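The data below hold one chain only, encoded as structure tokens and taken in the form predicted on its own.
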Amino acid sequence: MSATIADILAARLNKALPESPFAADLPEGFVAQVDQAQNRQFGDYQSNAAMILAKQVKRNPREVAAAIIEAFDGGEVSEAPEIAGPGFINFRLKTTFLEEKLSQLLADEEKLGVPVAEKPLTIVADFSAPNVAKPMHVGHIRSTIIGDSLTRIADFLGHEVIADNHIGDWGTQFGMILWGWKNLLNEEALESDPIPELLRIYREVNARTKDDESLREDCKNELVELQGGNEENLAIWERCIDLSKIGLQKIYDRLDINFDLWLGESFYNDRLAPLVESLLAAAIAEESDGAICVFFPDEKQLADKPALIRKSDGGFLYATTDLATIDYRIEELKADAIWYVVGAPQQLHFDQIFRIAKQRGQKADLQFIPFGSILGKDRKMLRTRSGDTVQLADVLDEAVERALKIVDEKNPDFSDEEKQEIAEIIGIGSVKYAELSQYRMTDYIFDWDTMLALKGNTAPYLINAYVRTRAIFRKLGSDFVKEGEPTLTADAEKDLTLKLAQFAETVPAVLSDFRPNTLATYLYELAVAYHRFWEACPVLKEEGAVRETRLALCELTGRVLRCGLGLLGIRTTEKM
């Protein structure tokens, strides 16, 4: 597939710079950028290169822009550029170029113009990571859904992505679970719904230990026995993990999320002691009051925040496990990059372990991808009326239940099976889109009415736009077949073609700052452009090249919406 429009214009602009009167004053290595225009009133694309260069040559930016335009050759791509404001260079694409671009996009059914990465990477994506023996709650939404979308996009761009669910399957809570299993377990409840039963016994034991010192000691002893390899305790622990995975997998299946690996904390146990010894031997870590710590005297933000990697009682910590995990991912999985999709409060933790990894000579690109919180309408952390954390399964159930009511009202003639399937797609899609349409660092309000609305920047609106693209072919009675070359005659056609071509620029941009909301915003703008086209340009009433072009635009819009929503982890439906 050919380069994106922005790339083509940038190449022509950079070719013009050495031919301008300011060639001798160009900063070494300067490369002009071209971006999508913020206001289409002034053009399709724009560049601020003249304003940057004006500071270098100490001339008026509009004068510099005029000189660049004089040397610029738009060829078959654009009309002569125009100057706007303080010195922006604006480009308007030629209709013939857009027609050719539309034809190219139709032919590229797999990638829809999106260029693959020039240097594909092996990326380990660490996201979701719930704790064993506990249900996933609303707090897991952001990591799970953002992480899944980023892995889908990276894979689409040609990277090798390994999704690793680093579950919490080790730690002090297992002492309580083991004691509860032996003394409080309801086997019948465990068989019917294991995670709630494991959570029940954990909560009950935890509550008892607050007033019972001897029980606290019993739980500690159970944990010591587990860590020492006691066969009975290991067997119970392994069954807890297996049962938990079954329960978690039901959620992931419903969300259409897959992991390549489930390497929990326990996987790295044997690596922790040697890791600490290697840090001591390299003089990266040192003993302090019986504990082993890493200090950061040369790091202003970390100078008074040492990382504890082994407690004075010999116990290891999350930092120790995460450092061992980095080793494994680089040495065994051959990771070029490791992404951690984790809540913003963990910033200090990752600052510390990334700094230690660097001191150890690790070369992989380590990325902490933080996110904010989900709030209720009262702008406080989302909780149930009783004050408990909202469970993720309950959120998904309610989303589908609410979507089913909407589907039933609008399409009472659909079969019950059709209604349920559509409700599942819309309900789950609405939860995902409500998350992904926000900038990940934003604290957003969880509002059912907003996320399920058929108008506005919502999943139902986008899915409905896709349904409209398919409805035209149901009326036609056949699938799309390209006949002849496109002929763009109306402004709404040109606007839609341009927006479709910009899919190729949008998808790679998501990974520049790990912002799936960039893609969500694009898809919303595409749906708006399509609805404008739908209102302005009759399709089946036309004939000849006009009709064929408009059918092509319907087909391509459907493909891009389906692909783009798929990259967000959202399914589409042919009817709604």
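Values in this document were obtained by computation on a predicted structure and should not be read as measured data. Residues carry their position along the shown sequence, with the first being 1.
Just so you know, the form predicted together with arginine (ARG) exists too; it's not on screen, but the next bit is about it.
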Problem set entry | 4.5 angstroms heavy atom contact with arginine (ARG) in the predicted complex for residue 221 | no
Exercise. Should residue 126 be classed as touching arginine (ARG) in the predicted complex when contacts are defined as heavy atoms within 4.5 Å?
Worked result: yes
Problem set entry | residue 350: touches arginine (ARG) in the predicted complex, heavy atom cutoff 4.5 angstroms | yes
Problem set entry | Exercise: residue 499 in contact with arginine (ARG) in the predicted complex, heavy atom 4.5 Å | no
Problem set entry | Answer range among 284-292, 192-200, 128-136, 299-307 for contact with arginine (ARG), defined in the predicted complex as heavy atoms within 4.5 Å | 128-136
Problem set entry | Answer option from 465, 275, 77, 342, heavy atom within 4.5 Å of arginine (ARG) in the predicted complex | 342
Seminar exercise, completed: In this chain shown alone, the residue from 214, 346, 312, 172 with a heavy atom within 4.5 Å of arginine (ARG) in the predicted complex is 346
For this session: May I ask whether 168, 318 and 322 each come within 4.5 Å of arginine (ARG) in the predicted complex, counting any non-hydrogen atom?
Result: yes
